[in-house]
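Each of the two blocks below gives one form of the same protein chain as structure tokens; they are labelled structure 1 and structure 2.
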Structure 1
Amino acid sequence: MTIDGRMLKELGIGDVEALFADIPKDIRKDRFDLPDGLDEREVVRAIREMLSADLNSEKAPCFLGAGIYDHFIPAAVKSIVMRSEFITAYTPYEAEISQGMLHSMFEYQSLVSELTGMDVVNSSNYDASTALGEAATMCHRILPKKRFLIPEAMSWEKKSVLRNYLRGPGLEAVEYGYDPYTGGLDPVSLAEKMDDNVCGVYAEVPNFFGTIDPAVMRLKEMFPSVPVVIGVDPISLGLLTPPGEYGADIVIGEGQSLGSPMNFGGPLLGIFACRKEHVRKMPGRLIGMTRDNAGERAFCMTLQTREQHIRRSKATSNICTNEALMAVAAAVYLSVVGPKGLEAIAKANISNARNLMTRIDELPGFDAPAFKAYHFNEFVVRTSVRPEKLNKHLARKGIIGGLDLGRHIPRMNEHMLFATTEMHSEEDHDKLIAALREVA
């Protein structure tokens, strides 16, 4: 297939190669090694054989997290979301006709509201990164200042999406540092960056290093006049205090953990919740429960602040679709596991992380966790072996290793971020420890 030069000109790029610039060259193939003249059946068979060489979480224990996690998904989740009334649902343009879809989204909002301790939840955003971008611009609408504070230790992908969001309204993302001992926010650095031109401050629990930072719970107390945005791992809320209880104005998070599989980065689910007093500045749409003209329970779109529904100048966001199916999956997941089930899953994550940290720390050449703090299901490991070399060794042993932090935070070039969840058995940990011992 060729791409017409007019298309490239319209896109503002010089050649087709620029379309694939985001894919590292060392993992690209110039062409598939397939003989000419194969029919479709033969091509499918050949491609499947090639793909069988890939490591994935079904064939190998996966210790890679950093935003996307391997959690167990009850069979009921897939069974329900694959029903035709859900799987075919896009943004309903005559929404009130789709009462079942609106009902499911209302249930999603209610469950996430209870989980986060917030008054209002929208339905929904693409992913945690877009939710953060929307949260920053919403802070600007609440408090019309120009600077939005974010942690230095944060996903590079979130930072990239956030800065794209801020470019339009002319806002600036300013980073505050982290404590080199605990991995939590550095209160001195944060105080230095906080001034009269700040429209909001963002922090995460657990943070990018997997630590549970108690200082985050005092942010609203420290800066009562500035909107506080908290990023969460929703599974951790089975055990941790909901952000609504410690003063968060906006809560965002990645909802993939709630019933959606890992799938090469998507589709994902952006959780977005806020306090009731901010609801008219919230992006997206809000589903409400009401009565129809016969007095029967009914559901309707209560607020729609997207530009496809209202005048562009009045819209809070130009996102014109959402992750409705993933939101349904999250609602089903939370309904199936229930509060006690979610608590048990959260405890299993913490227990597994503590067990694995202890065992890695006992190996010569490894220090785990690198930060002295409470952890959820991720932790940083300091290693005397180059992370790139270590991950190659683990891959040869049939293990998907951790994140090489030095690629994203230069001062941490001897550190890796490992994640473990309820999916890992004692045998999986044994396999990782044995492989690490070989290179220690």
Structure 2
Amino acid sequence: MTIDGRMLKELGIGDVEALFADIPKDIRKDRFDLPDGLDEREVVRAIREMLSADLNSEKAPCFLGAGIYDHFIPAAVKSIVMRSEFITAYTPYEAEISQGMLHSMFEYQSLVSELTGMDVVNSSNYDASTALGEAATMCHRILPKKRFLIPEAMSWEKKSVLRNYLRGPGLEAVEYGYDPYTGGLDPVSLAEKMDDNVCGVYAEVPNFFGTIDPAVMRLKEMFPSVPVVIGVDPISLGLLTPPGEYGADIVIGEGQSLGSPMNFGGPLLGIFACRKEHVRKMPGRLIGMTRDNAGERAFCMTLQTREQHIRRSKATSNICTNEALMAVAAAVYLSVVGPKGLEAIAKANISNARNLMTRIDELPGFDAPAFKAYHFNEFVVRTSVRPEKLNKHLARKGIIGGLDLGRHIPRMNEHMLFATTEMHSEEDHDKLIAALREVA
């Protein structure tokens, strides 16, 4: 930046320092403990070099999942979301000049509504874990009780985030167990935890073990008066019955799969959907269709009286900056792949997982899948080799290995979670199998 002397002159001051006369001397900062600036070429080189030795899924097939997946992103999606008009805009407060963003977000809401079978979708939470936190507090607004039921078979990170969101209203997360044979929810354990103090129940499909658990479809029937929250992988909905059809009150999910890269964990896209009767209790931004003064179709933000900039401490959430661009990416992604494309991608994930688990199971020292159930794109492998050692070996072979499950569910320290997607070729699977054979 350069200081424009013409402006100083017009202001009648000799030095820009005069504009900081209101900052008392004793709190002035004199120097930074930072190097001086670099030119653009130097910055690009420095950061390229810093990151160049890292392993990434373009260099090595990645078998990690657990909430973030290496899916294919059509070039058209990247091209659209990189457009200046989308990427450098702000929240569309002035509707008339921001129709592009508003219209795209309305389409995102509509597309995800179709996908989940829900009436209303907000235009994004940060990620699935914070969406779950907001879903639990929303359940409490619907049914003011104090306990929220969650599966034991869940990412510990998600549990931790949830507990932080529950601190405000003073709610408690109570875990119900899973069936040790199928990995699905254990209805006996769930029934035991269910009582008059429960404000909501949460289940995932596919669940943390990658299994497609049909028991989720009976939740609403089992507990008709308790809000049911279902966590989804949106790609799987290219093939699976949407939660809206089996009575879910709220659907959340990680939308990264829909056209956003893994990005070392962010930005992600928190999907948040609910039934229309609860719309005023929902967090986040909503875009509505309306008309302009000539009667022409237009879009604007709506129901803002729920939001922090109007309702302040009484708002349904504090969300301001969200993940709008990722929502646009998801809209473009779903439009580009279309219904047949999404179905094909979902099927490719299922059949790739089937192939890989069958091949791993054939290896001595490995048992896959550890749970006898239907799987989407990931599955648990029981291994006689320590997961950490195994992953180090795989990394040396140019493979990004699976997840050490013991970090999430302590008694599963001999288990790993492997994910595969449409990105993996037969050769990628061959490579993994060969490397696993070496350590077995």
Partner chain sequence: MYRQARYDTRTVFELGGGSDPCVRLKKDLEDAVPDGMMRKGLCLPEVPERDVVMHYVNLSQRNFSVDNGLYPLGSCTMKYNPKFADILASMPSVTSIHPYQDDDTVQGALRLMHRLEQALCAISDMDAVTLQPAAGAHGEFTGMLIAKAYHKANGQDRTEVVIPDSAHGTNPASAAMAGFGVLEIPSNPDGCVDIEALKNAVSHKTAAFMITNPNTLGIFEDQIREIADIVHDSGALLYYDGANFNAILGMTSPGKMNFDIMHFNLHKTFATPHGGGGPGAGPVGVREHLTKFLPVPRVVERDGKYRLDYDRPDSIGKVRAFHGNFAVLVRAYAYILRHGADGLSEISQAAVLNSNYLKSKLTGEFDLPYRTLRKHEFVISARRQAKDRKVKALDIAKRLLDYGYMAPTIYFPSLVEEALMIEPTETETKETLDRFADTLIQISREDPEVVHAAPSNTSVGRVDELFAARNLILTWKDYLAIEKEEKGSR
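The term rigid core refers to the maximal set of C-alpha atoms that superpose within 1.5 Å between the two forms. Bear in mind the structure is a predicted one, so any value in this text is a computation, not a measurement. Numbers given to residues start at 1 and step along the sequence of structure 1.
Between the two chain copies, the one drawn from the form predicted in complex with the partner chain is structure 2. Relative to the superposed rigid core, the position of the CA of E388 differs between the two structures by less than 2 Å. Once the cores line up, the CA of E10 ends up 2 angstroms or more apart between the two structures. The two forms, fitted on the rigid core, differ between the two structures by less than 2 Å at the CA of K372. Lined up on the core, S52 has its CA atom moved by 2.7 Å between the two structures. Once the core of the two forms is superposed, the Cα of V43 has moved 8.0 Å between the two structures.
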